[in-house]
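Just the one chain here, laid out as structure tokens, in the form predicted alone.
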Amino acid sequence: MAKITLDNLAHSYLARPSSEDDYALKELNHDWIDGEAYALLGASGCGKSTLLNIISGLLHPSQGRILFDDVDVTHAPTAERNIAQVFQFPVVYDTMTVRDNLAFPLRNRGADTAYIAERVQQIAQMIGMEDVLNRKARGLTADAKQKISLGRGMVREDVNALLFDEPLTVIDPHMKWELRTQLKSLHDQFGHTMIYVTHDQTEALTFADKVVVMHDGRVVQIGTPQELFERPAHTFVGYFIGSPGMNLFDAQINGDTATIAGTQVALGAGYAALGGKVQVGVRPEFIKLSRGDDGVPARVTRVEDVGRHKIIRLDVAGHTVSAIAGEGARIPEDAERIIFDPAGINVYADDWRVSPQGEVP
């Protein structure tokens, strides 16, 4: 296991980048704690795989350094970094049996024969392939081959880090849940530093201790699932995490009050004067319908019953807003306003969250 340090790291695929926009990965300075499980989460093209390939040594950064336990490995080849990497699509040796595929990383490092047999059996049980250990990989389904790739990545116990690049893409939904559970169990048991790339928030939030949210080549927040939900550091985090995502309202802020669509809204905390694009973010869970005189004018456009709860779509000054009500909740037909729970309000200036006065970081 290893602490991974990203020191002034950035990367461009252009030979002579001339501006920040030319960088696929914008400058990063982060320490990732030894033994924690991280998920790199973001939309396609945001820089997740670029960062993972720099960490693994498959890509050399345009600037900055990668350190494992404070040792500079920026120029070290992949083989010297002592990592295991599993890719989006299966990489297996078709002419080998499943058993030999799983054993290959251990045999390559001269591990004891008895240990190899025991470890291969343990991993085969984890990935549900005990009954096909003696079959050749050729002819197996893509789903089965990807499970072999996962198993080969997990078979070594002495790696600095385990890196997963969207490894469950070709796996059927039920098996995805099982393998995610096994990966989490493996982490809890052995304490490997794990980095898991995905664009699926469910995968990220159920797997990781910390989720690293990336947007436009930049890390916009690193936090626990609870932190990402309650205090999104960037409007993209609010939009990307949650279903539906966070609602954003253009606003003017005056101390502890916001003006939204011509209505005064209590923020529950005071803010300094703000410039630029100012918005108030409220997740659907913190919005309630009202028939009184309080709240922001809104019109219900439709109600979606999704089983566990209802999603209420509203029109607020020409913009679509979502609210969530309980499964058995009655939606008042004459509701004309929405009110916000102050505990669920966040304020943003130019897309970045602004801390209220007196908030402890």
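Source: prediction; values computed, not measured. Residue numbers run from 1 along the displayed sequence.
Note that the form predicted in complex with adenosine-5'-diphosphate (ADP) isn't included here; everything after this is about it.
Within this chain, G292 is remote from the site of adenosine-5'-diphosphate (ADP) in the predicted complex, having no heavy atom within 4.5 Å. Contact annotation: S322 falls outside 4.5 Å of adenosine-5'-diphosphate (ADP) in the predicted complex, judged by heavy atom distances. Under a 4.5 angstroms non-hydrogen atom cutoff, adenosine-5'-diphosphate (ADP) in the predicted complex has A43 among its neighbouring residues. Put simply, S49 is close to adenosine-5'-diphosphate (ADP) in the predicted complex: some heavy atom of it is within 4.5 Å. Stretch-level contact analysis of 49-57, 300-308, 322-330, 64-72 against adenosine-5'-diphosphate (ADP) in the predicted complex, using heavy atoms and a 4.5 Å limit, identifies 49-57. In the predicted complex, adenosine-5'-diphosphate (ADP) lies within 4.5 angstroms of a heavy atom of only one residue of 18-36, namely A24.
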